[in-house]
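Heads up, the chain below is alone and in the form predicted on its own; it's given as structure tokens.
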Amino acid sequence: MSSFGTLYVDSDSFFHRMEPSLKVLIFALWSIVVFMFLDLRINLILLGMGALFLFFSKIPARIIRNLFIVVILFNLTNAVFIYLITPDYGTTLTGKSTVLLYNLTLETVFYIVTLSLKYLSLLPMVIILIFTTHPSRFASSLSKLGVPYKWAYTFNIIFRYIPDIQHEFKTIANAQAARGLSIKKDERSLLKRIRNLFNITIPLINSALARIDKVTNAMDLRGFGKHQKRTWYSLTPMRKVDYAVAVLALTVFALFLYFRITTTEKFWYPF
């Protein structure tokens, strides 16, 4: 959490200076490309580009590391379920069956790797969009793209209060731990840790609801939503370099789209 009390990380990188609506556009195009292909080559290209972007974004390594660990753990869990539920899905896609172990085939392993890199290649742009865009500028950029300002302000509030909820969770967890209701490894029983986590969740939900009520009353007192349009204090103008980046992003997206249209195979399998 930054000194601003948000997920925003203050820095002076190229992505921090970029107009927020342009980052939203690039994220949208990036997401379309990710879900448009089931191709290991495309996923590796996107992952490489994303790693390069993360390097220039100057986001602290601990944030990137923790998020990548979470996504990798999700991919491992997803891989286990794919193997248990549809172990022959790779064979269905390719029409080939190369058995490696028991009912595990090379085709299914290749499909799992491709799918895992597909999810992983989306993460860099998610990190850049969230951690290099101040919530107020993000809301104004959504409004500039035609999103109703009430919806845009909703995203603003969400990004602002995620760190507060995290802090509240830690406070309640420490208070419960002082009463002997720990959720950490010092409590050996997994069942008790789950039960103790439930004891934290209820106060956290009550605290979040109380916070929502306070914010709602404050916005009503200020007449929020009375007018059809509104102005924004944090409105970042488009620069020449932003227009150039937008043209480059649309050009690259057009190339990916052309490749997808001209490619008949749904799943790329080289063997």
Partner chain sequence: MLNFSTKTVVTISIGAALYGIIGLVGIPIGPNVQIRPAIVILTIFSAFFGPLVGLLSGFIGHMLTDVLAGWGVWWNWELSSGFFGFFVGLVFLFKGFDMKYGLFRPAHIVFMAVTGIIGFVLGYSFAGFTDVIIMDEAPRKILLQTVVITLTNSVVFIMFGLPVVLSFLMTNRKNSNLVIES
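Small disclaimer: the values here were computed from a predicted structure and weren't measured. Residue numbers count along the first chain shown, from 1. Take the two forms, superpose them, and find the largest set of C-alpha atoms that agree within 1.5 Å; that set is the rigid core.
The same protein also exists as the form predicted together with the partner chain; that form is not shown, yet it is the one meant from here on.
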Name the residue from 244, 52, 61, 70 that puts a heavy atom within 4.5 Å of the partner chain in the predicted complex. 70
Run the contact test on 111, 204 and 212 with a 4.5 Å heavy atom cut-off to the partner chain in the predicted complex and return yes or no. yes
Taking 4.5 angstroms as the cut-off for heavy atoms, does residue 122 touch the partner chain in the predicted complex? yes
Can residue 194 be called a contact residue for the partner chain in the predicted complex at 4.5 Å between heavy atoms? yes
Does the partner chain get within 4.5 angstroms of any non-hydrogen atom of residue 103 in the predicted complex? no
Residue 82 versus the partner chain, in the predicted complex: is there a non-hydrogen atom within 4.5 Å? yes
Does anything in 70-101 come within 4.5 Å of the partner chain in the predicted complex by heavy atoms, and if so which residues, in order? 70, 74, 78, 81, 82, 85, 86, 88, 89
Is residue 196 among the residues whose Cα moves by 2 Å or more between this form and the one not shown after superposition of the rigid core? yes
Core superposition between this form and the one not shown, C-alpha change of residue 173 at least 2 Å: yes
Cα of residue 211 displaced 2 Å or more between this form and the one not shown, core superposed? yes
